[in-house]
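Below sits a lone chain in structure tokens, taken as the form predicted alone.
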Amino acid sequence: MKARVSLLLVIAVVMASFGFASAQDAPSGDLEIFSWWTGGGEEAGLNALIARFKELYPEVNVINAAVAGGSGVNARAVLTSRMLGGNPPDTFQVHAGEELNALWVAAGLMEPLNDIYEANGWLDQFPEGLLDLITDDEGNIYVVPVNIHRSNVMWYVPAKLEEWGVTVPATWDEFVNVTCPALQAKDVTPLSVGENWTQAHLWESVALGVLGVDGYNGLWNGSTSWTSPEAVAVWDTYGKVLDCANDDMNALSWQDASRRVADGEAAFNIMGDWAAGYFLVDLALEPGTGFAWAASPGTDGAFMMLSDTFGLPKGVANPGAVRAWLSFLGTAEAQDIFNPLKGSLPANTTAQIDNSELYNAYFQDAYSDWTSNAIVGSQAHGLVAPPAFSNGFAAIIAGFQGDHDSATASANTAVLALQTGMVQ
């Protein structure tokens, strides 16, 4: 109950911190916002944003066109059909990096937003590295980031680990050889895993833990061969990790997998920090006691990032309303409304990250790592690999779950990298 009260306080503090903004030539008409935020903290965050936007622009009729499905697996299929069919949503959620650039920017289907950045002074308010991910070679910026997420997080409940006599493993070898058998001996599931995309999410944490920052980055820049002994070792370790997981993983959503940790049915879960929003909003748990976190095994000192963004497709019916929405999204006000509920860090560096009434202990810890760790990009969430690779990789992940054939998975991924232009 205390956590729910705290979340209401978060919204109240933000609303009280900013005056009502008036807009000259205020837009009107319909605004369709397309995303995959349909539950938990992410839905609460989106609804809070829409509520504030309606206060600012009461003549705009907001249509929340969210499509259910974790990590956008269903939404992206719908989006592709609409974009290629000449019926784009007014604005849509897309991950910064290759998910944006290799598809929608490369296809010439997005409008540049440099004027919005310049008018709001955002070129000095967003991290340069993040801006690089959403800018083309000509200097055109195509989307507005609303957050920074961390992928490589291991979630657990401190009291349950103490009860079971285990500690957070520092490496995947420790997890496989020490932590896993100790928990299995107590009939506890060592690692809770969900459907296919969450398995790809787990894989990238294993890859970072096994290869290190340089080796992991090498998979995406060509300096690490997909068929090298080091890359094959990633699959070997990943197979052993899966052997420590629940057999019904394909039937679980990411929320189901996270819930098993909160309920004491499983010891650990590897998930992005939208899980923090789920623990806080859906389950009303206190950070540090009801749930806790650590960098996934072997990745301490590295922050695997992704970022949710929105842009302006070409040919939409109401670009004025979209520009108003995007101009709102990038402000510190909007980011301080959204991110404490979503479980993510604000992308705008002028947001109130040091306000503990808004950003609790998890956020403070994540922000410390964000500003001090080596930063690497998530494959599972579109930053380092184009959609064609990610789609093919999902099939490789599914095949490996069945046969645990590391050599074949490594060879197939090498071919996929060639086919999708990642290796020249």
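Since the structure is predicted, the reported quantities are computational estimates derived from the model, not experimental observations. Residue indices: 1-based, along the sequence shown.
One more form of this protein, predicted in complex with a small molecule, exists but is not displayed; see below.
Of the heavy atoms in E98, none are within 4.5 Å of the small molecule in the predicted complex. Proximity of D308 to the small molecule in the predicted complex: non-hydrogen atoms within 4.5 Å are present. At a distance threshold of 4.5 angstroms between non-hydrogen atoms, W254 is in contact with the small molecule in the predicted complex. The small molecule is not drawn, but in the predicted complex it has no heavy atom within 4.5 Å of F389.
Put simply, of Y57, Y362, F393, W36 only one has a heavy atom within 4.5 Å of the small molecule in the predicted complex, and it is W36. Put simply, of N318, T135, Q93, T331 only one has a heavy atom within 4.5 Å of the small molecule in the predicted complex, and it is Q93. Considering the small molecule in the predicted complex, the lone stretch of 63-71, 47-55, 362-370, 394-402 in range is 63-71 [heavy atom distance within 4.5 Å].
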